[in-house]
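Before any questions on binding or motion, here is one chain by itself as structure tokens, the form predicted on its own.
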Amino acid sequence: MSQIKELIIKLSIADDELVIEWYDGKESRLYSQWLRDHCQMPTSINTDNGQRLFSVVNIPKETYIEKAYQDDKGNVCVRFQPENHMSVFSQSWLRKNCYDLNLHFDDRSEKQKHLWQKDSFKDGLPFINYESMCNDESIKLDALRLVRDIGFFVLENVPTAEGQVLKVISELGYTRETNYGALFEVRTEVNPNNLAYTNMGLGSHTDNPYRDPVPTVQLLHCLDSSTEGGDSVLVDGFKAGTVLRQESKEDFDILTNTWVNFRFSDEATDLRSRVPLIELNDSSEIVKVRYNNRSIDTIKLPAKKIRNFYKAYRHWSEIIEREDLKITFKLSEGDLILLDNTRIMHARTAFSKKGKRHLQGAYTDLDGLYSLLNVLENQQQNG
């Protein structure tokens, strides 16, 4: 008997469920409507792309399993009534996809990440050579895994040419254009519409929380760095969120359940959003953080909530500025930092008006990067 046939020890039907006893003693109880909805036959799914050819409303409410058995190849055959429809499932598909043995796919929450703080990079920050990343898909895969796992990496030896940041994005995903343009300049300006365009230091923050949806990836490419100061600072917002939860579950719950407004406006733009500072998934795991004291709008909450909110808000603001959570480094000419803007907070120290500090920035989104990551991992696994 083949290894595939041995995966399943016994099949039975109990009420409206298919019961599978597996080789390792585990049991699956699969609801008839779920099984019918996940039929793998060519009449139910497009064999080229795997997309369904029907809707759940096309499945009769009274659907039940008439019989189930294994064919001579070990596949599980299930006949559904009243349609008199036969579905054939491979054992490996059932084992991989049955809902009582497999967690839902999740590559965004805190539990899927490597949380870090200042002392986590004793072997140095994750620097990657730009040309190597462009020419070697295994190195590109390593870079994308860094985005997924720790939320950032730094490319070095990126040509210091105007617009080069957009070429970097084209290696990984797609440019997210905003009112700032496809790319934006980070250098001192007269009468700037954003404090980022001054030589002031900036506290830890995420970019553009006033957008819905927010750009999920930010890139900053250093073209000139001859001034004193202007060091880059990064904080793992997911780690900061776990610290807040540990120190005060009450404060954590307030920030995850209270929605506040952010706003950015100038003569040509008026952007607004209403979001929580810490966003959770259905398992109460952190999936997004937001903080930007420069663009939070007037806080308007019921009087009975305002004091507790400010207690939690102050606690959160204090945690993200703790030195033991920060990594600080200076971008040199040709360095480019790419970071997950839903997780990583960034800041900079003030810098001298003498010399030059010129960065070009741009945005892309995690869906493009994660898509490429999944494709490259699939290729590697299939060898």
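What you see is a predicted model; the values in this text were computed from it and never measured. The first residue of the shown sequence is 1; numbering continues from there.
Heads up, the form predicted together with N-oxalylglycine isn't pictured, but that's what we're talking about next.
- The three residues Asp207, Leu220 and Arg348 all sit with a heavy atom within 4.5 Å of N-oxalylglycine in the predicted complex.
- In the predicted complex, none of the heavy atoms of Arg36 sits within 4.5 Å of a heavy atom of N-oxalylglycine.
- The shortest heavy atom separation between Leu359 and N-oxalylglycine in the predicted complex is within 4.5 Å.
- Contact annotation: Val186 falls within 4.5 Å of N-oxalylglycine in the predicted complex, judged by heavy atom distances.
- Put simply, Leu101 is far from N-oxalylglycine in the predicted complex: not one heavy atom of it is within 4.5 Å.
- The stretch among 212-220, 304-312, 71-79, 278-286 whose residues place heavy atoms within 4.5 Å of N-oxalylglycine in the predicted complex is 212-220.
- Checked against N-oxalylglycine in the predicted complex, the candidates Leu166, Val88, Ile296, Leu202 yield a single residue with a heavy atom inside 4.5 Å, and that residue is Leu202.
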